[in-house]
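Take a look at this single chain in structure tokens; it is the form predicted alone.
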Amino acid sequence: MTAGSRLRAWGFVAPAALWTAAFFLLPLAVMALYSLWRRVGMTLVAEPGLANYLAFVEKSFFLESLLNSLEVTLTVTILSILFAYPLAWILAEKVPERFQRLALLAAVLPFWTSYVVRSYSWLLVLSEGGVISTFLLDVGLTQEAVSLANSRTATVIGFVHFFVMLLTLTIYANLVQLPKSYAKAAQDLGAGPVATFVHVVLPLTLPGIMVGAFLTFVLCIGDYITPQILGGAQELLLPQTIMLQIQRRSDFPMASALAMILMAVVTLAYVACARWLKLDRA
């Protein structure tokens, strides 16, 4: 490569590199630096140390908030996969090709609604005077009003409603690219519908599942709005704990440390998914 070619190449790369450095690497470096500082009273002490990370380990409510986030996120991810795969399969295999775009449009309609509006809508549905409680009372299945709002169940329902659509799109994209001849070849070799799915269809659509699952994991574990609205602060998740450090205590170093821990968890999830997909492809 000549000097002129290298210069042109750097000219194309430089804008994206500068943008990434200014709006990702620099803020990340500042947050990492803040996480090493301490707040003493109302004073920010700029002395690097691991006091905030030690506090995360020593104070049980910090660790508990992380465990709550992981439990909710894993539950949402698993349920979303279980609901999304059949929906994606129906769209790809049972809906005529000329109607598939229309069906996909109907499937993504929830994305067109404000995230906050969806959360408050679920709050109305799950509350004591909501649709579910009224239906159970009308059919006589319960004698008292039932409320699912302000609970982990409500948080999971709100998340699953959103992420099922995301996973449906990623799985559907894999299913429509899967040649029909693969399943027919498996059936010609004596494999039944279940064996064909387990040994042919599922392994070939795992990339779509893993991509959707990872996106679900990242968006869910870092979400603040849905747990705040639907969970009713009955149990703290890590994003809520971070916001409490900022809003009530003005402890930006501790909030930065918690954010770095959250980012580390997401990074580990990415590494685990990337390695698993690499081994699967091998």
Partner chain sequence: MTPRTVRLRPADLLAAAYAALLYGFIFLPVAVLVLFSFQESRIPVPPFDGPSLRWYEAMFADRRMMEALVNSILVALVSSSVSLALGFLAAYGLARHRLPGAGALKLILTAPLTVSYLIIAMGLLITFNTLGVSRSLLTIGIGHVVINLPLCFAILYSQMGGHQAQIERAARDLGASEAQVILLVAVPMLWPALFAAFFLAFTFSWDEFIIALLVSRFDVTLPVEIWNMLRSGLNPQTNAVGSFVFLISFLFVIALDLALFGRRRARSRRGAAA
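Computed from a prediction, not measured in an experiment: that's the story for all the values here. Take the two forms, superpose them, and find the largest set of C-alpha atoms that agree within 1.5 Å; that set is the rigid core. Positions refer to the first chain, counted from 1.
Note that the form predicted together with the partner chain isn't included here; everything after this is about it.
With the partner omitted here, the residue from Leu74, Ile90, Val176, Leu137 that has a non-hydrogen atom within 4.5 angstroms of the partner chain in the model of the complex is Ile90. Contact between Phe252 and the partner chain in the model of the complex is found at the 4.5 Å heavy atom cutoff. Heavy atoms of Ala269 never reach within 4.5 Å of the partner chain in the model of the complex, leaving it off the interface. In the model of the complex, the partner chain sits within 4.5 Å of a heavy atom belonging to Ser114.
Thr153 falls outside the set of residues with a heavy atom inside 4.5 Å of the partner chain in the model of the complex. Contacts to the partner chain in the model of the complex (heavy atom within 4.5 Å) from stretch 137-166: Ile157, Val160, His161, Val164, Met165. With the core held fixed, the Cα of Val266 is displaced between the shown form and the other one by less than 2 Å.
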